[in-house]
Ligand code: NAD
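Only one chain is given next, in structure tokens, and it is the form predicted alone.
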Amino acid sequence: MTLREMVENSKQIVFFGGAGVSTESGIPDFRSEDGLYRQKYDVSPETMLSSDYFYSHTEDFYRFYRDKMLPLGAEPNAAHKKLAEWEREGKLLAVVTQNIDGLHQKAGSKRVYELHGSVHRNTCLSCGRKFSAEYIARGKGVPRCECGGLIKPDVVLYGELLDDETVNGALRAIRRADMLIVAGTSLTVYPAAGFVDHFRGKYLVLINRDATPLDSRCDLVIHEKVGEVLGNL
């Protein structure tokens, strides 16, 4: 059965996506050959994106964060747009994403569970005031609130736990789905990679440029770019 036939036969699709969903929008992924984690820094990106590093080397954290994690000019690609279209048609139950770029919402998706947070939400740790990604991008050094408090991005750093409400919502959607499309993820980051185990529906589909540990369990595996595959439906 083809992907088109599976989509036509499904009424409650959930899309579970990772960094590979946004590479066609010009946002680099992490673990591929030219990904962020293969680039050379004095300190590894994993360390710089950790909670410990944020609090102990805040200025260095923000230098890296502004340089590599705030591609605010990026636009949704064909994958983001197709998913928003399916949601409007009532076929897509939810998007579950490991990405923090907000491109699903920019494309028009409403039910998006952002497992690792979003660069578009930033909070003063003292008074709770909210700030935009543009505010962070425009600034220099360590961003501070008018109250003097440190501003932190609402992204899940290494060493931090996922948000319980977001996780529970994502798992509820996956359990209800009759079709789960897993795309653009190497499925190596836990606990998010384990979410697939909660799927009980009819069609499990994987779309990813490289092979993953999930390939052998899927009803359909497509080793191509996510945007090209969904855009051609």
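Just count from 1 along the sequence shown to find any residue number. Being a predicted model, the structure only gives us computed values, none of them experimental.
Keep in mind the form predicted together with the ligand is missing from the figure; the text below concerns it.
Chemist: Determine which one of 85-93, 120-128, 99-107, 137-145 lies within 4.5 Å of the ligand in the predicted complex, judging by heavy atom distances; exactly one does.
Modeler: In the other structure, the partner sits against 99-107.
Chemist: Any of the heavy atoms of Pro28 lying within 4.5 Å of the ligand in the predicted complex?
Modeler: Yes - in the predicted complex, heavy atoms of Pro28 and the ligand come within 4.5 Å of each other.
Chemist: Although the ligand is absent from this view, report whether Ile207 comes within 4.5 Å of it in the predicted complex, heavy atoms only.
Modeler: Looking in the predicted complex, residue contacts with the ligand include Ile207, since a heavy atom lies within 4.5 Å.
Chemist: Thr23 versus the ligand, in the predicted complex: is there a non-hydrogen atom within 4.5 Å?
Modeler: Yes, Thr23 lies within 4.5 Å of the ligand in the predicted complex.
Chemist: At 4.5 Å between heavy atoms, is His116 in contact with the ligand in the predicted complex?
Modeler: Output for His116 is yes: heavy atoms within 4.5 Å of the ligand.
Chemist: Using a 4.5 Å heavy atom cut-off, which residue among Val167, Val196, Leu187, Leu70 comes into contact with the ligand in the predicted complex?
Modeler: The option sitting close enough to the partner is Leu187.
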